[in-house]
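First comes one chain, alone, set out as structure tokens in the form predicted alone.
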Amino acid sequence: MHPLAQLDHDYVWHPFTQMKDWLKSEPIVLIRGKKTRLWDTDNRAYLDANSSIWTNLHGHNHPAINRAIRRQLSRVSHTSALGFANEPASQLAEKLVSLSKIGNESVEKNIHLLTKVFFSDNGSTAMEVALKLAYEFTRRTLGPTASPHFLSVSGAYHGDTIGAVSLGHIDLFHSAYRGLLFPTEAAMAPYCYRCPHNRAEPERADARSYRNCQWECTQSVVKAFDEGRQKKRPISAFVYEPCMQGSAGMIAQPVGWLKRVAEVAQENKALLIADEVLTGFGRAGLMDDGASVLLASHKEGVQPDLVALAKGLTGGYLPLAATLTTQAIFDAFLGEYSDFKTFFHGHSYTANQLGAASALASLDILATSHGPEVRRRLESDLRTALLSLWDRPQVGDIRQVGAMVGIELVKDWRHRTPYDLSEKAGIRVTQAMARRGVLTRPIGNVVVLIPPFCTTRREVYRMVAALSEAIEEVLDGG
């Protein structure tokens, strides 16, 4: 065993990992990267097919981001945001606010624009900030006796801090902590492939082509708001991931769902909290007219009241997160010092200069004239390459939104029979992909492909071929 692998076994506890299994074999120790490739201690190259857990936008070791970090490092690496301002964080906040404006003027007149940015360090903390702001804003506008109540959707995952876990609805992840959590409501997720109301037979050409849909998932949101009023516990905020629910299993939302449920929430005077930790920064694809968007919510003309951004914010370089909010929410925390209306929340590395500098460089790369075309080509290459997987009987569904893909593995595609989680189908398939030089991580029985934007057509086809071969080896006895 390589000495670094041994050190890992001796001292490191990995997230979301059964360490008894981990300690049975020598781990891949990654030591360098360039563009889409990563190298291990044996100098073996791998394709990064999930952007290092969905964070890397432009590829590893990007010269522009490297230069930005070195330039900032030569000045100062970190100063406190408690009582002091700094240059890159101020510039980043201005740019995020500018990019968060929805383009449709007719919509813009009827919404509160996002005007303020609160920095933290990861997606969980960004959601925790949004949750706290929404909670206290509701109490300050409706009165201190108000009991703010939150609605999210089944399968929701919004992070691992206690507030964020309270918004989640994945028993495997969250049930152990129920005694620590506050109650929230769950509406039906728009999981078309496993919708209990689906009256169509699976279509091998496109397993997401379902007939006779009555939008029961939307009606579930309506019902949740109605029941909240009847129980004298009205819902104060609706929390959602736009276009694609990531940790739920890459659940692609049908076009129109987000717009419909957002209208329901707004009609009920509830805040919209968008978890764009995964979907922001172009991951969800371009607008219909080819325009680039910062927020996936804008693809359906939805402007949220609070937005959590992280993962791709720094291009996958450094831990930094941001919570964007409206002027109205910001104003609710203004007052004299003696009023103690301050937002009592913060982090040691809030508004870190190195993170902000890398984020500014990443946004500049996204804004280049050829940036949208690069992302459009990647989306198209993925869609074409993935067609070959429909020939695999263990592929039940292929879900793609922009450059995000989930391939659901099943025992029997005709009846959508799932593998039991104890069979570790997804884990075994991705391990077989690693042996073929392609790295990704599954969500249960769903294999995830979220490559960096710089991934070439040839690399996309290699990723898909590795997945196809791994399925044959592991699940088909090949």
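Computed from a predicted structure; not experimentally measured. Residue numbers here begin at 1 and follow the sequence given.
Heads up, the form predicted in complex with a small molecule isn't pictured, but that's what we're talking about next.
Shown alone, this chain has one stretch from 298 to 306, 353 to 361, 241 to 249, 144 to 152 that lies within 4.5 Å of the small molecule in the predicted complex by heavy atoms: 241 to 249. With the partner removed from view, the residue among Leu382, Leu96, Ala284, Val277 that has a non-hydrogen atom within 4.5 Å of the small molecule in the predicted complex turns out to be Val277.
Scanning Tyr317, Tyr157, Phe137, Trp257 against the small molecule in the predicted complex with a 4.5 Å heavy atom cut-off leaves one residue, Tyr157. Within this chain, Trp54 lines the site of the small molecule in the predicted complex, having a heavy atom no more than 4.5 Å away. The small molecule in the predicted complex comes within 4.5 Å of a heavy atom belonging to Asn122.
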